[in-house]
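Take a look at this one chain, the form predicted on its own, written out in structure tokens.
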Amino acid sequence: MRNLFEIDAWKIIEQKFDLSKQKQAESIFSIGNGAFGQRANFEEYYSGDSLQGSYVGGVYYPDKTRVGWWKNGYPEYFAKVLNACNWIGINIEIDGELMDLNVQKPSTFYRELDMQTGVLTRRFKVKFAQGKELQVESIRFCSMDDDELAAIQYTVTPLNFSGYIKFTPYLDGKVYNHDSNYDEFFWEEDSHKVDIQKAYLCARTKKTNFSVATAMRFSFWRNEELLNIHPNISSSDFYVENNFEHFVEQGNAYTLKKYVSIVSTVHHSEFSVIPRSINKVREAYVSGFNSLLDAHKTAWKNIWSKADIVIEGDVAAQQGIRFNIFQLYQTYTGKHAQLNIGPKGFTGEKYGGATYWDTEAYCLPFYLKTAEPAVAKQLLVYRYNQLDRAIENAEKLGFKNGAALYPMVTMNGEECHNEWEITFEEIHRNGAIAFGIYNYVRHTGDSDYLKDKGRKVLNGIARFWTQRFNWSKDKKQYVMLGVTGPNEYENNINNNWYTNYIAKWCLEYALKCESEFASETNPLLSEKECVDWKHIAENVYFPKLEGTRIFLQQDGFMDKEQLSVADIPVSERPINQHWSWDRILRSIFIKQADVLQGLYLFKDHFDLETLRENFDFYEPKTVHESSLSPCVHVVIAAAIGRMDKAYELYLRTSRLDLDDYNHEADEGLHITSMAGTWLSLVEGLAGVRIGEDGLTINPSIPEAWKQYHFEILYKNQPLRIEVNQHGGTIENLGSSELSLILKNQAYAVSSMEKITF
């Protein structure tokens, strides 16, 4: 474990400014509120290496995909989350010298992200060329109470002089994406206006025509006294500012309080975004910084009251899980039907900020157990609302009769991924969406959703599977050719076990749902479809290692040289940064859980010995170079009693970004895998699973921990689980009786009853 920053149960702390860590810190100290987010860039000018990032949920650009005739059906564009207006800017200048921490190296530096309150604080001292020293403190947050607001409290204190300081709060819309092709600029200006202590800037995306209005107001204070100032105003294309010089007295604190509102046409009409942003920021200005901050802290307190996991005896593990939970709720709150969860959230540009299968496979269980059912339901309704697009996506590839292929990457239901082996072949994403529906229903008991919406999605997906399978005369079974499984270090393979298994399960589940509702609704399937689907499901081919319980990842897997990760020199890890793609594809090494992904999802279908044999076969071959990999291995390792391995991989997944295991935190955080971290503890170490028999709990605990406890929701009833080295307790905090299986023994736990094990 290589700690980038200090270990603390509730905070991320950096005690010394390190230029080499700045981009990593910008990601790790990011803040957001589910609607927009901001990397931990400095408010003041900074000339050092940096990735400027202000992102607005749902706003994207369709970058043109260049392909040839051989890629008929290929997506027309690759979606990019856009770097939006820089709203944090406050420049400081003394005697014509601009404050810049790349130039004036701070003599002291402290940066803190308080995860309990969602507040980013920075304090430092700098000396200017003429010897003048300044103490600076910055406090900022993106309001979780009102997700169209943010605020900054920026305080400077002259330590050894009295004199003039120039302050320049501004909005800058001339921002570029780091990943833009040929330095393309993605915005057009709608309008801007600047006045005394206030301004707005409204820009529109090219092609997609999203308008984003950013408005600011500010006040200026000496200690606790509000000052009257007379700033100059200035503007140019994509830029508005106020600037003023003020005489400051040695030892006094001077504070600029900047309020910002960000409003977009993702949620409002193009005619309302400017007046709404102006009105919102005026209200914020009147309310004041402390009032907004208190409301923001209260919102976070309410989230933590349901979502927190407390670990005693291991501060690194505690910090890791809270960091993951914190970033998940900064990314998605469930307030907006148009939004979903991007793999980088609001922390970076990579992966386009779009929706992947990660949402259903990893994130949905987190929200199911930590938030009201409506939050998780909204993620499924998002897919239901895009069913027509999924059918269109399948039609482009030659599928017919209502077959639906959900996109690997999407912003609006259209496929927008630009790698053929993912776009065309990684079709197991369809299965994850179907499993998400199943998972939601078994958690909540919401059969109305399944009847009215869910089964329509299931049937579209099932129709796709029936056309994707083909009959093999040689095997006398149905096979699936030319796919990429979860292990993306294999492309264009035949009979990926996981894909075949989840497709077979989906057919069976769709038929089961249709049968359940046959008596109360009009049938959605013809009799012929039901017969055909059943025949396919009963005759699917699965590769297996003869004489064992091991399911082969795909046909020909044993033709590869059977090495383990221990055979790779440390200097060549991660292999995706040292090896050619050709070498990776020919190797045995697995990027992330593949067969084990299926065993995790369908744990009820297999005995422990099957789990054990497959884990022992595949884990030594897995390089875990996908952030989604360690968590699945934790769940299975805990189930088969491999606690040392479970704990090792738990630390890896929980501290993946904090310790930058994969050397890519500078690009942004792995938000969707953070839900996997939560799964690794709750479903893995605590053994909490909702399966065919309902709720089962089989707790375990690493030797390094004294105890841990958390709450989950099951059928909308809160349940508190506490585990220590000697046993633990299960307490029903809800109003209704809950049935569960604890360590293979059935219990009916009454309201407010606590059972001990």
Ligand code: BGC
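Just so it is clear, the structure is predicted and the values come from calculations on it, not from any experiment. One rule holds for the numbers: they count along the sequence shown, beginning at 1.
Not on display, but discussed next: the form predicted in complex with the ligand.
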- 4.5 angstroms heavy atom contact with the ligand in the predicted bound form for residue 78: no
- Message: Is residue 672 near the ligand? Define near as a heavy atom within 4.5 Å, in the predicted bound form.
- Response: yes
- Task: Answer yes if any heavy atom of residue 406 is within 4.5 Å of a heavy atom of the ligand in the predicted bound form; otherwise answer no.
- Result: no
- Query: Is there a heavy atom of residue 628 lying 4.5 Å or less from a heavy atom of the ligand in the predicted bound form?
  - Reply: yes
- Message: So if I measure heavy atom distances to the ligand in the predicted bound form, which of the stretches 396-404, 586-594, 229-237, 83-91 falls within 4.5 Å?
- Response: 586-594
- Of 332, 367, 346, 356, which residue is found within 4.5 angstroms of the ligand in the predicted bound form when only non-hydrogen atoms are counted? 356
- Consider the chain as shown here, without its partner, and state which of 351, 186, 218, 498 has a heavy atom within 4.5 Å of the ligand in the predicted bound form. 351
